[in-house]
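First comes one chain, alone, set out as structure tokens in the form predicted on its own.
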Amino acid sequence: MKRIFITGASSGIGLAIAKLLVAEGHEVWGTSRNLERVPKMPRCHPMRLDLTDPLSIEQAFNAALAEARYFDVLINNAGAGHFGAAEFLPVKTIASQFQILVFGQIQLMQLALRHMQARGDGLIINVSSLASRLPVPFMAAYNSAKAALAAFTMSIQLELAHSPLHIVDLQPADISTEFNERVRKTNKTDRYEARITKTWEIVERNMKKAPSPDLVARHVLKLIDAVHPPPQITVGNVFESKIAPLIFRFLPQRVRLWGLRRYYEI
């Protein structure tokens, strides 16, 4: 039995992970901005946490740590998205995306690392996104924030080369969740309206065909049980998680852009 702290446990990937972990006998401290949204489950301890508020992050983690006494695993999963033309994205919106998807996650990592370093053991799983490598059009703030989280994760992995602690960059491809329903959208503009509409149609179509979040949960369970978890894994259907990243890895930027434009029909 391990003690696990996970953000965004009230829906989507986070909820699927929390359900599987408690079913396997682990103790889970699951966070949400609204505690009423976290289902009541045995061995699940709801904690209120708002990633937009650094004080809330520190208070929630320390309160959970005082209750649990120690954490074997931190899972940085909570997130939010924004859809709109990058040219017109308000700086305030970009800053908000980075606070939720980067700065808040880094703060939790640092809090967990201090605790885990003292114990000499621990695992951190950062749920970034395949969009950090294969960006989705009109989600520039989300793409770049996830890329920043992936880069920060790799930096820490370098620095912890001789440490018993492990950090994993888990990159989901399209996963069928309610994420699209919560994505905030910037008002359309004449210049981009047709391409924005087409891109959103493709995004919605892909989401409907995507694997369920249970797939990600099963991979997380394997990571938790692994003696030497891999530093990075991609989860999704075979094309998105295996074939596309492999192909794009060896292509010049011009060809990558051409391929993504064709994929999203823009």
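Heads up: residue numbers just count along the shown sequence, starting at 1. What you see is a predicted model, and the numbers here were worked out from it, not measured in a lab.
Here the subject shifts to the form predicted in complex with a small molecule, a form of this protein not shown in this document.
Here the chain stands by itself, but in the model of the complex one stretch of 172-180, 85-93, 67-75, 192-200, 172-180, has heavy atoms within 4.5 Å of the small molecule. Though the partner is left out of this view, residue 59 does not reach within 4.5 Å of the small molecule in the model of the complex, counting heavy atoms only. For the chain shown alone, residue 214 is not a contact residue for the small molecule in the model of the complex, no non-hydrogen atom being within 4.5 angstroms. In the model of the complex, no heavy atom of residue 234 sits within 4.5 Å of the small molecule.
For residue 220, no non-hydrogen atom is located within 4.5 Å of the small molecule in the model of the complex, even though that partner is not displayed.
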